[in-house]
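Form predicted alone, single chain, as structure tokens, below.
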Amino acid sequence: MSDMDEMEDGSGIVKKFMFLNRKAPHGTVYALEGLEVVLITAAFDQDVSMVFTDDGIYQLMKGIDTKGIEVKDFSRTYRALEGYDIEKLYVDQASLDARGLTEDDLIVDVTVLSVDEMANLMVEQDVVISF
């Protein structure tokens, strides 16, 4: 069976996708569009991990109130990721520290990684996409 045959029947080819979330949840389309791409990728049975770094940390913060800016709060979608077999959620320790946040401030369970641990994880990926 050729690689093309494996792709057509949906079996055999699984890539490791890492999605880097660097932007705040509102003010641009990056966070929401990135989340949609993650869900689509997972629907194709790929190995998906998500990293939240820089202002992307705010995407996971508890207590987000978007009424004042009149946009939909999509942060609750992160709680549903497990239903899509997306369980590898990582947060950059330095980004948490720089914003005065801890794991307790986040709406989902994450693995907190140092810069070196994050770099090692990135090397293991087939595809890295930044939003």
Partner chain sequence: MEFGILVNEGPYTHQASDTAYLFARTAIEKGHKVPRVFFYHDGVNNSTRLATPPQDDRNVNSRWSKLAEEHAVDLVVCVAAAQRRGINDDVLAPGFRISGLGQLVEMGIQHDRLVTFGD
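Numbering follows the first chain given and starts at 1. Note that this is a predicted model, so its numbers are computed, not measured.
Another form exists, predicted in complex with its partner chain; not displayed. Remarks below refer to it.
Practice task
Indicate whether the candidate residues 40, 46 and 129 are all in contact with its partner chain in the predicted bound form, with contact defined as any heavy atom within 4.5 Å.
Solution key: Yes: each residue has a heavy atom within 4.5 Å of the partner.
Exercise for the section: Would you please decide whether residue 33 lies within 4.5 angstroms of its partner chain in the predicted bound form, comparing each non-hydrogen atom pair? Expected result: Because a heavy atom of residue 33 falls inside 4.5 Å of its partner chain in the predicted bound form, the answer is yes.
Exercise for the section: Indicate whether its partner chain has at least one heavy atom within 4.5 Å of a heavy atom of residue 80 in the predicted bound form. Expected result: Outside the cut-off, so no.
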